[in-house]
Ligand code: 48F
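So this first bit is one chain, no partners, the form predicted on its own, shown in structure tokens.
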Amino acid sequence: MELKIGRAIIRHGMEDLYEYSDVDVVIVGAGPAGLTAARYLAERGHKVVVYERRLSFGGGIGPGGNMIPKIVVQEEALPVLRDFRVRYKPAGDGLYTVEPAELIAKLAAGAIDAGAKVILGVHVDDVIFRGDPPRVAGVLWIWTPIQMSGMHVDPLYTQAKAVIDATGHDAEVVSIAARKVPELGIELRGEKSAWSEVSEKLVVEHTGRVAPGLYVAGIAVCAVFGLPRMGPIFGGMLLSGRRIAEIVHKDLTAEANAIRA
């Protein structure tokens, strides 16, 4: 029995890694923006893989507000909650509270049920770039425990038409691209201190493409564009995920039409 168990894991696990080494979209980070984007992109027929460095979903949702098990969303984000069938309670002043565990579970289930592949324990180590002018064409990755151990191990490659950085406060993928591919002309301005009502709007407005093939969503937008952070309100993260899905879908559709023409 043990042999059969091991072979089943190895065979089917390796088949997945092989299948998802060439995708339409790589999303780095399985937080609120990344999972939301994954669902909306997969629903539009795109082949999507989400890499999450931890062994769990949700990004910053789980701790709630300073370990108090509630998070807040604003009224504008309610359509996204309804799409994912997440329950919410009015909290006054156009705000609503949500259970962190429910939001994590339903965002993940929504993305997976739509057809996105989520792989946990993956550390994205670098980007692939091609062309003149350069374009981001995928990522290099290793397993997170290897990265944490400090061992030198050569990464594997995932080719993609679009890469979305949804890694959170440090905008890790955009930071790598800015440092290692200066030809892309990316400038990170750094996240500013909290101003929630301003940041919630600006994060959604600035969500988008930062270089050919490279996009940013969620709290990573703050680090790229020098925006204030917002704290335990997550409506902007959900709306940013939905918006980046719309932008990437539009870009990939335009590119496919141009190739056919």
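For every residue, the number given is its place in the sequence shown, counted from 1. What you see is a predicted model, and the numbers here were worked out from it, not measured in a lab.
Below: the form predicted together with the ligand, not depicted.
Undergrad: Flag this candidate site as yes only if 138, 212 and 252 all have a heavy atom within 4.5 Å of the ligand in the predicted bound form; otherwise mark no.
TA: Checked in the predicted bound form: no contact with the ligand for any of the three.
Undergrad: Exactly one of 201, 44, 54, 192 has a non-hydrogen atom within 4.5 Å of the ligand in the predicted bound form; which residue is it?
TA: Looking at 201, 44, 54, 192 one by one, just 54 meets the 4.5 Å heavy-atom criterion.
Undergrad: From the list 184, 108, 124, 81, which entry has a heavy atom within 4.5 Å of the ligand in the predicted bound form?
TA: Only one option qualifies, and that one is 124.
Undergrad: At 4.5 Å between heavy atoms, is residue 26 in contact with the ligand in the predicted bound form?
TA: So residue 26 does not count as contacting the ligand.
Undergrad: According to a 4.5 angstroms non-hydrogen atom cut-off, is residue 33 in contact with the ligand in the predicted bound form?
TA: The answer is yes: residue 33 has a heavy atom within 4.5 Å of the ligand.
Undergrad: I'd like to know whether residue 168 contacts the ligand in the predicted bound form, with contact meaning heavy atoms within 4.5 angstroms.
TA: Heavy-atom contact with the ligand at 4.5 Å: present for residue 168.
Undergrad: Test of understanding: in the predicted bound form, would residue 230 fall inside 4.5 Å of the ligand by heavy atoms?
TA: Taking the distances in the predicted bound form, the answer for residue 230 is yes, it comes within 4.5 Å of the ligand.
Undergrad: Using a 4.5 Å heavy atom cut-off, which of 94-102, 159-167, 81-89, 109-117 contacts the ligand in the predicted bound form?
TA: The contacting stretch here is 159-167.
Undergrad: Could you pull out the residues of 65-79 that have any heavy atom within 4.5 Å of the ligand in the predicted bound form?
TA: Nothing in the stretch sits within 4.5 Å of the partner.
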